[in-house]
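Given as structure tokens, the chain that follows is alone and in the form predicted on its own.
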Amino acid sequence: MNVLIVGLGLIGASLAKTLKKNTNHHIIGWNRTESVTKRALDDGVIDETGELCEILPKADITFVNFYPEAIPAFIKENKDYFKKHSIVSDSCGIKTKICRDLEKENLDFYFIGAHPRAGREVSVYDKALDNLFDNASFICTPTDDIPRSKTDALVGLAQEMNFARTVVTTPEHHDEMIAFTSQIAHVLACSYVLSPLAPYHAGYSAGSYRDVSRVARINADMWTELFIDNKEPLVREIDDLVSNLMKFKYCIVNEDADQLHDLMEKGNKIKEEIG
């Protein structure tokens, strides 16, 4: 099978490396910066490249790895080149806006949103790994008009790539869960290190500081789009977080040790139960 990777940054190149490591599929690659494409070809990360008008019609499955706003634009712009009845997917961290936008288009291929749940603090070709997705989940978000066989084919490819778990859900449920499991953590981390005391942490900080602040290392351009494109679920999570923080503040200000103890016991119990 021909698998095309469009966009050879961290995720795209890691997908290509993982496919090369775990499957026998023919890997085609393309990147806007030609020097990156050439490196991927020279490194053996991809088997073939070429002009979009030449390689898009060859691909049985295509992954488009761009920032959120650029994905629908790229697919619409090149929709006449994609192989008929092929699968076109992506790797973006939000799904509803992209999937519902492309659902309105008259396409002769099948767009199925996807989200390989892994990443690093840097997002360039040089940091790509062939084991980035070990122990990771691969989430598919087909819309109602997608044949089950096409979703099964994409899930099957993820299983060939050795993803630890595959999940099929709606774009909307994906986005509300990602608001909780990922986006709110980045909001919290960035808010945390905005403290005026943050520059003086050396000598005082240990594991708690590292754990909470780690994901403040953020690609601001990409995450700005992700946050705004997932506005409603993320704002709900921010509201819940602020509400819980205010409960802690109230207990501390009023020296309500019993209620403060209960809040922490409740948090501890929930964490023990859910992992």
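Model, not experiment: these values are computed from the prediction. Residues carry their position along the shown sequence, with the first being 1.
Only in words, not in the display: the form predicted in complex with a further copy of the same chain, which the text now covers.
Task: Interface stretch in the predicted complex with a further copy of the same chain - options 69 to 77, 172 to 180, 104 to 112, 84 to 92, non-hydrogen atom within 4.5 Å - done: Of the options given, it is 172 to 180.
TODO: Would you kindly say which of H201, K127, K150, R100 lies with a heavy atom within 4.5 Å of a further copy of the same chain in the predicted complex?
DONE: The residue in contact is H201.
Task: Any non-hydrogen atom of L41 within 4.5 angstroms of a further copy of the same chain in the predicted complex - done: Close contact is absent here: in the predicted complex, L41 is far from a further copy of the same chain, nothing within 4.5 Å, heavy atoms only.
Open item on the list: With the partner left out here, check for me: in the predicted complex, does some heavy atom of T37 sit within 4.5 Å of a further copy of the same chain?
Closed with: Outside the cut-off, so no.
Task: Proximity of C53 to a further copy of the same chain in the predicted complex, heavy atoms at 4.5 Å - done: Output for C53 is no: heavy atoms all beyond 4.5 Å of a further copy of the same chain.
TODO: Evaluate S137 for contact with a further copy of the same chain in the predicted complex, applying a 4.5 angstroms cut-off between non-hydrogen atoms, and reply yes or no.
DONE: Because a heavy atom of S137 falls inside 4.5 Å of a further copy of the same chain in the predicted complex, the answer is yes.
Open item on the list: Within 4.5 Å of a further copy of the same chain in the predicted complex, counting any non-hydrogen atom, which residues from 179 to 209 show up?
Closed with: Contacts from 179 to 209: F180, T181, S182, I184, A185, H186, V187, L188, C190, S191, Y192, V193, L194, S195, P196, L197, A198, P199, Y200, H201, A202, G203, Y204, S205, A206, G207, S208, Y209.
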